[in-house]
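Each of the two blocks below gives one form of the same protein chain as structure tokens; they are labelled structure 1 and structure 2.
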Structure 1
Amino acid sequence: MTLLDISRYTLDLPDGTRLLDGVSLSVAAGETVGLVGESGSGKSLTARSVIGLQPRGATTTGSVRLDGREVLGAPVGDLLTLRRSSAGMVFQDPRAGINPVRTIGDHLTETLRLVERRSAADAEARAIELLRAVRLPRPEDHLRQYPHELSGGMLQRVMIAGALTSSPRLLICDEPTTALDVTTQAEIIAVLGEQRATRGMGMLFITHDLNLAASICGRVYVMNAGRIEEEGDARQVFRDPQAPYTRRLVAATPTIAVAQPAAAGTAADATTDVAADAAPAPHPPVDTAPHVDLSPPVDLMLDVRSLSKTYRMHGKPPVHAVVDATIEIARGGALAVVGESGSGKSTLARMIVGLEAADAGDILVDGAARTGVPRSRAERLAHSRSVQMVFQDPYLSLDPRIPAGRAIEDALRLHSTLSTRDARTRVLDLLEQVGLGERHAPARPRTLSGGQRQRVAIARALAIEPDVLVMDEATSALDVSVQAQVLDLVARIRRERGLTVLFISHDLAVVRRVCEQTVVMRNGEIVERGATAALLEQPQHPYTRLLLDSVPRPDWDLDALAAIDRTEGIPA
């Protein structure tokens, strides 16, 4: 039975701009259908239209039928009924979708109490049941917690549980694993697959990760500029793409699979898991990152020695966020730090940037001590000129009141003597380098997509031309082609300026393409280090092997994935 049937759906804004043009797709009960494409292609707008969340004043034609009922033009009461019973939605950013001043229990029980008229005790019991269904440990304890007390993966489980409160027949997942590390992503995907199979739901899965779409979706639709470019069996579409746009997406997708020798630093040179169908190659891995001789590291740009950080909270045991971490990056080199959420990656980065004070150890940038948090204005400016950071969350990295161009210009004027005219020219150049344009300069953050906001943040960091660029999951919110643009940009600046990069990521395919050296962190400790290609090809530590096993690929077995014991055999 067809749960969702969209036929020749077109959406125009009041100013005449066409955002969706003749979109047609369907989802049957028990089926997982992927909707993939770049930022701004219309994926999320299509998904929101299914539950009647079109832009105000938009003109629509065509048909959107959910569970046999027409959505376009439906009265508000009918739309509320559809949202309560027929469809649930899991959004990309759980921190933006859950009220930060209310407990998890309030978030989950509100609909049960107000819509289903359950008693407080019955609603709480149902909430605990849902949290247990999405494999959240100790659900009774979490009901009393606030969103800031949970990790991203735990919050995403809460979002899934909230979407399941009304037992929807269709679950719409809008980039639900974009910002999650690979092992947490694998767990969330296993939870979604389990719930779909148990409940017989249909699932519309929106993603820009082609390998993920090929691994969990039966069919896939590829969108570009509001149109469907290609559709069909997921593995077949990505193994043998027919549309030129799909071929470009596949070519731009990074991979941890062994690649044929190719010129460094171009997106078109990448070989993808979906294209290769996860088949191993018989020759050694090729490092496509710009080559830097790190043996011996006689000219260190970043030298971190025995760094430690412990957080002590009242009434709780201490958290050893970073334990005796030592890393070295030669001038112009790139080092990756990989690991799950909570492994200490971001804390290490924040200490290097000067946002956190280390309990012990030393940080030297180009020979200058940077261990302490800068206090005076002069110290802060000097530190920020030498080290810049691109943060993980594109929704929090920009001031919502300041247009994109102004945010970049302010950084330029703070750290340079450029005239207003020259600064604005430089702003446009930086926006173009990260795949944006002049029309984005006056845009405020709320009008930009998540990927566009992250590009603005990257442009702002590069504007100062720092000695060390710390990228904390900076490409996790970007679609594959824009990600390739940004990585090519970083590679070019490294070649031209000798930029040193500390790259924190959960995407091992991106790490392989960008960095010559990699360290693996777990529970605050570095458990493995070495040349990136060798470490990914022949991991020595059980935890590193777990990370590699959790990377999505077309031959993923979701049942086997769900059964993995993620602690067995891994030293604490």
Structure 2
Amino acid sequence: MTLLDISRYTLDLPDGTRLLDGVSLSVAAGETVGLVGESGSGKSLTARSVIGLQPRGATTTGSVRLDGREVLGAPVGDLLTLRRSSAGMVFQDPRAGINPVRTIGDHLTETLRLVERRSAADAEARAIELLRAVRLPRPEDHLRQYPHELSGGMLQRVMIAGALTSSPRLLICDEPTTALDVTTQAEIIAVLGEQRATRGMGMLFITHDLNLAASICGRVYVMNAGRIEEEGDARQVFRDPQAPYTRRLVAATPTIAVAQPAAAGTAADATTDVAADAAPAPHPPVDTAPHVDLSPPVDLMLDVRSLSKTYRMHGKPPVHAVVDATIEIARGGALAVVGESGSGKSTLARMIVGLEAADAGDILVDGAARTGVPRSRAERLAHSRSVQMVFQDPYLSLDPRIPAGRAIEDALRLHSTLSTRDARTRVLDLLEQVGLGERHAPARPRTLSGGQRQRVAIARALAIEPDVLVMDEATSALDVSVQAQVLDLVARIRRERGLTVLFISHDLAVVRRVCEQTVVMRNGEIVERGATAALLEQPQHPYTRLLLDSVPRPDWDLDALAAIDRTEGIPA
């Protein structure tokens, strides 16, 4: 039976902008349907429309039928009924989605008490039951807690429990795991799958992650610019995309599978497999134990020895952000540091670029000591010529007031005595190298897209001609197609300049595309290291295995994942 039936749904803003254009999709009871697209594709808007959350003043045509009733133009009373009984929604960011000044218990029992008029005790019993269903450890205690006392993953379970209070027939999930770490994502997905199965709900799952959609959905719809580009069996679409947009999307999507899907050939910019392409790895192959190899191999460019950093906050237990970390990169090599949030990977990067002082250990770049925060002018300049960094969020890492060309020129002129004219020429040269042009030079960051900004950031780093380039989650804020382009750019620069790269990332699939060597960090410690391909194929450390198992892929076995005991076998 069809729960949700959207047909030829079009939405226009008052100013005439068409955000959705003839969208048709359906979800049947017991079915999981994916809605995949990049930012701005209209997927979230479509999902919100199902429960009548259109933007104010928008005009709509077509129909959105939920549980047999028309949503578009429905009176407020009908909408309330639909929201109370037919559909529940799980939003992306539980931190923003749960009222921070009210308790978890209040959030869960609110609708039960105010809408279903249940008694406080009755509502609380039901809330505890739901919290148990989403596998929270101490339901009774959680009821009295405030959102800020729970982790993101736990809060997302609360959000799911909240959506389930009304026993909806359709559960809409809008990027429910995007803000979470990959292992937490796997747990949440498992909970969602379990609840969908036991309740026989239909599920509409919105995501930007094609791998995730292919892993858990029966059917998927691929959206782009307000239109449905393709629909069909999830794995079929993933393996053999028909629409040109879907092909590009699939090609751009990194995967941890060592054999690339066949579709890769149709990529817009032929994606380069850096691991095979770049300088051959001079490292000894697999070195799985986290011990320190003291015999230095040939020509180390970056040599980090036993680096440690502990944060001591007043009145709180000390946080060991980085513990005895040793990494080495040969000249022209690329090393990935992989870990989840809180693993210490970013602190490691910040110490290497001189933004934070290490408590212990040494950093050598091309043989020169670069430990500590540089003080004098000479130290600063020397340090920055040794290491440059590209930051995660291109929206924040460029000065909003400074035009792109000027930003690069500033960096150039700090490190050289070029005449204004030569500097200008060099700026244009650098912009060209990163795939931008003269017209981008006078542009303020605000007017550039995310990908363009990240290119400017890379050009700015290259202007200084550093020995080592650190990329701290440099592509994780970008859409996959843009990410693919930036990764290609990095690969090209490595080829052309023999640049040494330290690549910090949470995403194993991206790492596989960029780096020949990888270390895995957890709670400040390096738990495994080795050649990327070997590490992905035969992970030695249980945590690496867990990370790999948590990455969604079409042949994902959620039950097996749920069976892995997360607490044992992984030294904390």
Partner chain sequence: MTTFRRVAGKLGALLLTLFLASVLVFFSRFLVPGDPISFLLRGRKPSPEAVAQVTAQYGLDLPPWQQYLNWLAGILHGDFGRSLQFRQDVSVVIGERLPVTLGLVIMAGTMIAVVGLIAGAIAALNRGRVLDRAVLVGLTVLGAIPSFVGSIVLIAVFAVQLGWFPSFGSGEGFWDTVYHLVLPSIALAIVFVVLIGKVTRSSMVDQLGREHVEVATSRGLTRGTIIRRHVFRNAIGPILTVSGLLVAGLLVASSIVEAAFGLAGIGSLLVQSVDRLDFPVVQAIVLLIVSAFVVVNAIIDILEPWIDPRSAAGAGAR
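C-alpha atoms forming the largest set that superposes within 1.5 Å between two forms make up the rigid core. Quick caveat, the model's predicted, so the values are computed rather than measured. For numbering, take structure 1's sequence and count from 1.
K.L.:
Structure 1 or 2, which would you say is the form predicted in complex with the partner chain?
P.N.:
Number 2 is right.
K.L.:
2 Å or more on the CA of D67 between structure 1 and structure 2, with the rigid core superposed, yes or no?
P.N.:
No; D67 is a residue whose C-alpha shifts by less than 2 Å between structure 1 and structure 2 when the cores are overlaid.
K.L.:
For R529, is the C-alpha shift between structure 1 and structure 2 2 Å or more after core superposition?
P.N.:
Where the cores coincide, R529 still shows a C-alpha shift between structure 1 and structure 2 that is 2 Å or more.
K.L.:
Against the rigid core, is the Cα displacement of Q517 between structure 1 and structure 2 at least 2 Å?
P.N.:
Passes the 2 Å threshold, so yes.
K.L.:
Core-aligned, what's the Cα displacement of D362 between structure 1 and structure 2 in Å?
P.N.:
For D362, the alpha-carbon shift amounts to 9.1 Å.
K.L.:
Align on the rigid core first, then pass along the CA displacement of Q538 between structure 1 and structure 2 in angstrom.
P.N.:
Its alpha carbon moves by 3.1 Å.
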